[in-house]
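Below you will find one chain, with nothing else, as structure tokens; this is the form predicted on its own, and questions on how it binds or moves follow later.
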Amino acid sequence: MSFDRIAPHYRWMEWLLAGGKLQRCRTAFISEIPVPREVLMMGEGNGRCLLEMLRAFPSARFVCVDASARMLERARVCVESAGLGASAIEFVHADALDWKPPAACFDLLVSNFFLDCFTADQLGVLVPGLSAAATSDARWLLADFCEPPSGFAKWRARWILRAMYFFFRRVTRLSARSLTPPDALLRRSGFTLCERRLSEWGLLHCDVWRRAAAESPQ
């Protein structure tokens, strides 16, 4: 899987299809969580969320992992163009399923529109692996697509998701054919859902999760 082919076009494609809705999901909880020290961002893409995180948490250190070298380069340019130093950011070009993060290092994990790229079996390896990189008081910010439980919203979301998976499987060699909610895996890995916000008729959600022993976000 690689988003190299669509990296030059991703931003205008997102704006054309979704306007600012995805970015609002990515950044929904940034102002509501404790200030992190070490941040792991998986599948960050072109750096728009990273930019907002840097502005909110200028003293934090960031590790950004992406399988697309072109996306990472765009993220780097995005940060430098904004006049923010990239010295506190480590850009890692790696397949998330192969990359081994350091244990118990990050007090904030961020995965926006990323976990939906993987099959159930792959998530069964990926989520516990990322969880092992989290500290005992870590938060996990997660934004993604979801399928409402019933009614028109369910069928609308199902049609949109099928179209998206068809496109991305052809263009990026995506492994997943359908959406697998990661909630059960997150809970088994020691995280508790603090808050979930739904938008776009239930098609989009943004979450803040925390280690069960931590206090609720302030």
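Owing to the predicted nature of the structure, the values given are computational and were not obtained by experimental measurement. Start at 1 and count along the sequence shown; that's the residue number.
In what follows, reference is made to the form predicted in complex with a small molecule, a form of this protein that is not presented.
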- Item | Contact residue in the predicted complex, chosen from A120, A94, A104, V77 - any heavy atom within 4.5 Å of the small molecule | A94
- Item | The single option of V39, L54, A67, L186 touching the small molecule in the predicted complex, heavy atom within 4.5 Å | A67
- Report yes if any heavy atom of G45 sits within 4.5 Å of a heavy atom of the small molecule in the predicted complex; otherwise report no. yes
- Message: Taking the small molecule as it sits in the predicted complex, is L141 in contact with it (heavy atom to heavy atom, 4.5 Å or less)?
- Response: no
- Do M71 and the small molecule come within 4.5 Å of each other in the predicted complex, heavy atoms counted? yes
- Please name which of the stretches 147-155, 29-37, 176-184, 59-67 has residues with heavy atoms lying within 4.5 Å of the small molecule in the predicted complex. 59-67
